[in-house]
Structures are given as C-alpha cells and as structure tokens.
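Next up is one chain by itself, shown in structure tokens, the form predicted alone.
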C-alpha cells in the first residue's frame, strides 16, 4: 500500500484532551464504573439551533472532525470514513421508549433517522457540504481500524487525497447499564486510576470520539505515519504473539526497534492476560503504556491510542499516568498498538514518527 500520514488529529474523551498545548497534564478521576466524556465548548463548532437536535455522539463527532481539519489546515476532505460499535445509542433508546410509551402509535421518524450508525458521518458531511465518499463501519472493537484500512485502499486508488477517518461511541442512560448485568462492566464502583489493581471481571465504560485527517503526500506538516494495520476476529494468546512477531517482521523491523507499545489493558480479570503475556514475554524490555483507565472502554477506544502515539511524537514526552512499567525509551520512532475486546476483534497497528 501507499504511504499513509496523519496530518491532523483530535480526540474528545473523559479527559480534557481538547485543551490546546497540553498532553494529559490534567487528569480527571472517576469513582464509578460508567462515566461520560468531558465536553468541550461545542458552541465554538456547532450552531446552537442545530446542536439542540444532536445526540452526544453527533456533537462529539462533528466537533472532533472540525478540530482535526483545522490542525491539518484542510477545509474539505475527499472522503469521510467513520467507525462505531454501537452508533447513536441515546436516540435509539428514545425511539424505543416512544414505541413503548405511545403504544406504537403517533411515532415521528426523527429519532429513528438520528439513531442510525451512519448519522455522525452524515452530519459531518452536511456541515461541510461534502458530497464525497461517505461510509460507516460497524465492526465492534475493530470499527475504527476497518475505517483506516478502507482509507488506505482509497489512497492507493486516489493518490493525494485527504481522508477524514474517525471513531465514535456514546453511552446511554439505560442500555449502557445492561453491560453491568452481562458482566462487561464492573458491578462495583471503582476509582479509574486504580483500575488494574482490580481482580474482578468487567471494566469501566465511557464514550468518546477521535478523528484524524490522513493522506499519502509527504509534507513537513505530517505528524505520524500509519505504517500498517492488521485486524483479526479470534485468536489465542500464543497466536497473537505469533501474529505480532510476523507483523513486525513484515515491516522490516525487530522487537528491539519498537520504542513503545500501547496496550488496551482495561482491568477485566478474565481477558487482561492477553496483554499481560505480552508484557512479560515479547515486550518485557520495551516501554509499555496503557490508557483505558483514563478514558474507559468502548468499541472505538483504540482510536485514542493513535492520538497518544501522535502526541508522543509531537511533544517528545510520555506522561507518567500512561506508564505500565519503568522502561523509558530515549527516542520514540516506532510505536506499536495492540487492542482487543473481551478476547475477540484483535487489532495491531504500527505508527512511525515523521
């Protein structure tokens, strides 16, 4: 495939990640298993009349996409490709509640229209008056990675394009608590910064939106290169170790060339052994980072790892709150990202400093 560079990136999460000229210097702590994203000033990006009709996912997506475009100094993307695991859950809930409360009568279509998974991509396009290629991937925890792979294929076919890629998921009042019942989310309240000390099943849940503008034109404004992305539905721990070694070799590198690995540890005692095995074997001498104690778990949470990688390249610094071990690289050139969700939908990615 052709080169793939990140030209601009923005992320809205449970942390103040939209504050300019800061890289996780201020941390918000939570004593609960489900918490919301920290809202930027949406009025700077969305007209109040339009914002009243938007769900949290749409507001986050539209705002993060505009932030990414601004950083990339691009007014109009040549494509908008989004990924989401659950779509606009808040409007889906409202629509289902209306069905129940109104006895399936006198239903307006608005909530149904706004509840679809591609609502965010559509609203971004409407705001930008962009009539270009627009598609949404709903592939659980590899939704964001699927969007990146599609963008890479498009760059092969249409060089010099600038493509908007994003991942969005939101929590909702009722359906998010169903994940407590099935064990995906912890039943007990827990301090998010003490997540990995938990010995129970489940994790903490939140929401967020990460958008980036990518292209294959090599310029001085590029922040990072997405060297390679790989996804796999099901694999054992040993298979993942083998896949990662093959992935690194395929990109003409060795383990020692990986300056840091960003892992998706989320405190779920049933599934964190995937990460722990890598920590104790292949990457025992590598700088290890994690992030879900800060932003919670959701289907496109791995997109935040890309934000972390680009910020490390940009700031030449790693905040201590991200560290899993005491290893520290003198310089960060190659950063590996590995994530999975409950032992399925594995993704591996390699970022390189420009």
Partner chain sequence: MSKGIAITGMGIISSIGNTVAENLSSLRAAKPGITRLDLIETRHRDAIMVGEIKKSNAELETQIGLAKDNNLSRTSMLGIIAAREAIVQASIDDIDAYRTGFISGTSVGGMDMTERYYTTYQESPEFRKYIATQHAGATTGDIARHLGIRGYVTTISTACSSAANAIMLGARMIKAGKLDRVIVGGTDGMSKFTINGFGTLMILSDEACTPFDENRKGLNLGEAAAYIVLESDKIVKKENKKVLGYVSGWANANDAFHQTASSAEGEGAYLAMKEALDIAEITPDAIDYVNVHGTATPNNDMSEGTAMLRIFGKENIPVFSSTKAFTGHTLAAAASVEAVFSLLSLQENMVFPNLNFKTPIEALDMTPQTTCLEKELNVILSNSFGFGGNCSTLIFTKA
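Numbering follows the first chain given and starts at 1. All values reported here derive from a predicted model rather than from experimental measurement.
Keep in mind the form predicted in complex with the partner chain is missing from the figure; the text below concerns it.
Please pick, from 199, 281, 220, 236, the one residue with any non-hydrogen atom lying within 4.5 angstroms of the partner chain in the predicted bound form. Residue within 4.5 Å of the partner: 236.
Answer with one of 157, 252, 188, 75: the residue that has a non-hydrogen atom within 4.5 Å of the partner chain in the predicted bound form. So the residue touching the partner chain in the predicted bound form, by this definition, is 157.
Proximity to the partner chain in the predicted bound form (heavy atom, within 4.5 Å), stretch among 188 to 196, 146 to 154, 206 to 214, 255 to 263: Answer to the contact question: 146 to 154.
Determine whether any heavy atom of residue 59 comes within 4.5 Å of a heavy atom of the partner chain in the predicted bound form, and answer yes or no. Although the partner chain is absent here, residue 59 would stay clear of it in the predicted bound form, with no heavy atoms inside 4.5 Å.
State yes or no: in the predicted bound form, is some non-hydrogen atom of residue 95 no more than 4.5 angstroms from a non-hydrogen atom of the partner chain? Output for residue 95 is yes: heavy atoms within 4.5 Å of the partner chain.
Residue 133: heavy atom within 4.5 Å of the partner chain in the predicted bound form? Yes, residue 133 lies within 4.5 Å of the partner chain in the predicted bound form.
Partner proximity in the predicted bound form: residue 275 to the partner chain, non-hydrogen atom cutoff 4.5 Å: Residue 275: no contact with the partner chain in the predicted bound form.
Establish, in the predicted bound form, whether 22, 46 and 269 all lie within 4.5 Å of the partner chain, using non-hydrogen atoms for the distance. No, because 22, 46 and 269 lack any heavy atom that approaches the partner chain to within 4.5 Å in the predicted bound form.
Are there residues in 170 to 208 with a heavy atom within 4.5 Å of the partner chain in the predicted bound form, and which are they, in order? 174, 175, 178, 179, 181, 182, in sequence order.
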